[in-house]
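Okay, so here's just one chain, in structure tokens, the form predicted alone.
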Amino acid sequence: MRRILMLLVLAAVIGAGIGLWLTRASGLSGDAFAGLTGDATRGKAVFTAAGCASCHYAPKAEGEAKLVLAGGQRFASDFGTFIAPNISSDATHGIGGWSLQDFGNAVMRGVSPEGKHYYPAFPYGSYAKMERQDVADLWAFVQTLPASDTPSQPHEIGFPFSIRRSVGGWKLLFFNEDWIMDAATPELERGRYLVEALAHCGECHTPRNALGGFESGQWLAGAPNPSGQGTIPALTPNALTWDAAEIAYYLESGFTPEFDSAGGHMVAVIENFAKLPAEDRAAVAAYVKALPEPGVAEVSGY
């Protein structure tokens, strides 16, 4: 009996060790940005397409004040309420003391400079597909923005979701750098990059399972609004009948073919897309029109 007990204890210790190793926070390789120099001018376009200010400006900020990335906006979910942190250039309360490597690890891997997991409310699962030059350019631009000494607020998340180590298990199950849909033309490739990576459209428009991962075969098929109010519409052909020109115009103006207008968080998305080149809006429209029906096998990457 004693020997069996010792074997059970040993197995438990080994299992715990394997679990800790598998759920560790792993960043990019140390040479991920070797030889890259960021360009703030290009980074501004990346910043706009990625919608960074839309989540990180202070509540009720308007106009140029939206470039002060003080954080504080609240995002409800089934797991608790996430509060956007200060990512301004302040060295104490923001990310001004980070390196490009720190920034890349956060954006592309969801890992903090202290080696801890970020919650996937930060859409690093989408940003993981970003070009590393774009990350370097984005970092160069973010450093030019005003500093804010507003402290970041802790997320309002209960047990067991408050255990950050558990995010390592989530990453094992759902973190995936593969593209979701094939892109046969340069226009579709650009549209895919905008939809799947920079603009992270799937984070809102794709339904999730009980653990918060994307529902297999339901890419951009619509989802419940995390706030509990209404639903995020589907972009798949069974639900969205707009033609490509109508989609592109909506992304520029916020007006639908039915003479309605964008509401909710989509207002901020429209503000960002309106600042992008017309070719980018057309590329997104082409991508959306190329989507298969939900559940069709041609959509890969799950």
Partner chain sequence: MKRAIAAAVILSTLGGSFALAQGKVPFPVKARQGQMATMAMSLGVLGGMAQGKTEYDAAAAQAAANNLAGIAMIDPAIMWQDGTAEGTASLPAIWDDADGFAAEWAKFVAGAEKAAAEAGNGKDALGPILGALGGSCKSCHTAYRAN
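The model shown is predicted, which means the values in this text are computed figures rather than measured ones. Positions refer to the first chain, counted from 1.
Omitted from view is the form predicted together with its partner chain, to which the following refers.
**Student:** Here the chain is shown alone; which of Leu240, Ile270, Leu67, Ala32 has a heavy atom within 4.5 Å of its partner chain in the predicted bound form?
**Tutor:** So the residue touching its partner chain in the predicted bound form, by this definition, is Ile270.
**Student:** Though its partner chain is not shown, can you say which of Thr92, Thr231, Ser216, Thr185 has a heavy atom within 4.5 Å of it in the predicted bound form?
**Tutor:** The residue from Thr92, Thr231, Ser216, Thr185 that makes the contact is Thr231.
**Student:** Among 222-230, 96-104, 70-78, 128-136, which stretch sits within 4.5 Å of its partner chain in the predicted bound form, heavy atoms only?
**Tutor:** Single hit among the candidates: 222-230.
**Student:** I'd like to know whether Leu28 contacts its partner chain in the predicted bound form, with contact meaning heavy atoms within 4.5 angstroms.
**Tutor:** Leu28: no, not in contact with its partner chain in the predicted bound form.
**Student:** With a cut-off of 4.5 Å between heavy atoms, is Pro277 one of the residues that contacts its partner chain in the predicted bound form?
**Tutor:** No - in the predicted bound form, heavy atoms of Pro277 and its partner chain never come within 4.5 Å of each other.
**Student:** Does at least one non-hydrogen atom of Asp39 fall within 4.5 angstroms of its partner chain in the predicted bound form?
**Tutor:** Result no; Asp39 lies far from its partner chain in the predicted bound form.
**Student:** Mark Ala262 yes when one of its heavy atoms lies within 4.5 Å of a heavy atom of its partner chain in the predicted bound form, and no otherwise.
**Tutor:** Because a heavy atom of Ala262 falls inside 4.5 Å of its partner chain in the predicted bound form, the answer is yes.
**Student:** Can you tell me which bits of 241-261 touch its partner chain in the predicted bound form, meaning any heavy atom within 4.5 Å?
**Tutor:** Residues within 4.5 Å: Glu246, Tyr249, Ser253, Gly254, Phe255, Glu258, Phe259, Asp260, Ser261.
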